[in-house]
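Shown here is one chain on its own, the form predicted on its own, set out as structure tokens.
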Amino acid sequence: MQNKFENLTVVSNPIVNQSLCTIRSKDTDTQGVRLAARKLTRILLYEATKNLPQTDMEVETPLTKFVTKTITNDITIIISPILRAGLIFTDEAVDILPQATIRHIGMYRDEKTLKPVWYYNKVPMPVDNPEKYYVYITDPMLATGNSLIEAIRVYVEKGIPQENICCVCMISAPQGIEAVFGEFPNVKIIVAAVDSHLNSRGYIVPGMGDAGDRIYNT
């Protein structure tokens, strides 16, 4: 798929490609999928967090004082995994951004309609100065885009700018990307791969199968 979307970033390097190869293979066991997925999610999160604002700070090394850049401390960073598969991002995210708040979103896909069904929502919190909120919604697979659209809507309705919302996924389908940007053109999407298409059951092809089942051995 040719990248025709300004806010879509496809991250590609040898480590990403090797990790994708591992998680895609039907012969990779759960432990192997999980380890490769965590490696992949860390790389994607590094790319996603490039939008965080920075400020100058003076620090003292063992040799001298100097001014350097660091993340601004007057912002609120939210990591919002879509349960259950999105949890694979959480450990890496907390390591990278210990100041972040985790806000879980629980949805499952109705297998007949392919629409998301809510069962858990830890997002309802007051939002002061919404322009200072930076949200990272994580879900390994961007298939139809329906779940991501519902998750994004929760934050947009709180006044958080679309530009401050980033969706971080491992594998995506063209239909899902187009659906998300059709609703929210100014959000950012970070992925490691854009695959061919969705099959009749709404699964990404070639994909990796059901990400939750592969990651959690269910």
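The first residue of the sequence shown is number 1, and the count goes up from there. From a predicted model like this one, the values you see are computed outputs, not experimental measurements.
There is also a form predicted in complex with a small molecule; it is not shown, and the following applies to it.
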Options 73 to 81, 92 to 100, 139 to 147, 126 to 134; stretch whose heavy atom lies within 4.5 Å of the small molecule in the predicted complex: 139 to 147
Interface membership of I23, the small molecule in the predicted complex, 4.5 Å heavy atom rule: no
Proximity of L8 to the small molecule in the predicted complex, heavy atoms at 4.5 Å: no
